[in-house]
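Take a look at this one chain, the form predicted alone, written out in structure tokens.
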Amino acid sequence: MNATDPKGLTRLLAGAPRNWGRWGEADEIGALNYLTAEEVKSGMSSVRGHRTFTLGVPIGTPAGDAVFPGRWPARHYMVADKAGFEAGHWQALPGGLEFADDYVSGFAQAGTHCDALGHMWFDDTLWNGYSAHTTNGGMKKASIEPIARRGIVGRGVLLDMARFRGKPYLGRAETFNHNDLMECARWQGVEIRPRSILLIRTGWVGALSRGEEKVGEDYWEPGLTFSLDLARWFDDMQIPCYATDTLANETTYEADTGIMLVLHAALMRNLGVVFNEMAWLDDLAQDCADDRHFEGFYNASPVCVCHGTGGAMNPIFIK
């Protein structure tokens, strides 16, 4: 089995769990169904100091945003500003108000964002058995819209893998698995309970923003690596969503096979786990390290892009 095998994922995931039909044939939000009122209550009850952290990264930055290879950064244009009024392009509103206005163009999945469950597939089949042909011209099934309408709210647990391994950030292609997540949780003194929303810090987005790492054609992120046991653990733990400070929520390639982005298939496409990618976790992680409180209330919703493959978001974590 290798990356050139067109059925590589089919063979690799032959024994992996799958949640298709679990919440009905029409389901488009997958494991978010686990986030009932009890999980919202659990998240609220984990709050102690009522300190608020926003987890979104800036977009349209002068230095250029970090984006996954094949995409380009968002582009920000001023449509109206004071100079436009002075040049006579704009006139003050009745009563004297002037204004600034701007325009942003870019990928729906640039910056901190959430993937739709139909964002990636294999064997011509999306999440829940929908045909890949439903993506033509816009996603008719498993788009970002149902997730945006539902929202992602519950108990969040920060797992600071970089600090756990004694590093400012993990190295290129450095991997970890579910056993490492559990060891990190024990080291931090926090419990990963069923239906927890996981926030996994690698330090990678911070390293990219400081220029200590860069995105290139040979880009290979650190992150979770696939195994059947890991997929079964996510299924058994009923994990609804996880966020990381990387561009793809997993290590880019599997070292043994060279297959790319396996967890997008094993967790998103098969189990309906929602991916929140490129979250800013450094400030939250420092605060958690200071007070040794690694859980809180996670609240997020992507922009509701009609038939969209994903949506920008600025999650809020209260602890």
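Source: prediction; values computed, not measured. From 1 onward, residues are counted along the sequence shown.
Heads up, the form predicted in complex with a small molecule isn't pictured, but that's what we're talking about next.
None of the heavy atoms of Thr202 is located within 4.5 Å of the small molecule in the predicted bound form. Among heavy atoms of Ile152, none comes within 4.5 Å of the small molecule in the predicted bound form. For the chain shown alone, Lys141 is not a contact residue for the small molecule in the predicted bound form, no non-hydrogen atom being within 4.5 angstroms. In the predicted bound form, the small molecule lies within 4.5 Å of some heavy atom of Gln109. Listed stretches are 182-190, 118-126, 81-89, 99-107; the contact stretch with the small molecule in the predicted bound form is 118-126, by a heavy atom cutoff of 4.5 Å. This chain lacks the partner; the member of Ile59, Val40, Val47, Leu261 within 4.5 angstroms of the small molecule in the predicted bound form by a non-hydrogen atom is Leu261. The listed set Ala248, Ala148, Ala132, Val215 contains one residue whose heavy atoms approach the small molecule in the predicted bound form to within 4.5 Å, identified as Ala248. For the three residues Arg51, Asp282 and Lys319, a heavy atom within 4.5 Å of the small molecule turns up in the predicted bound form in no case.
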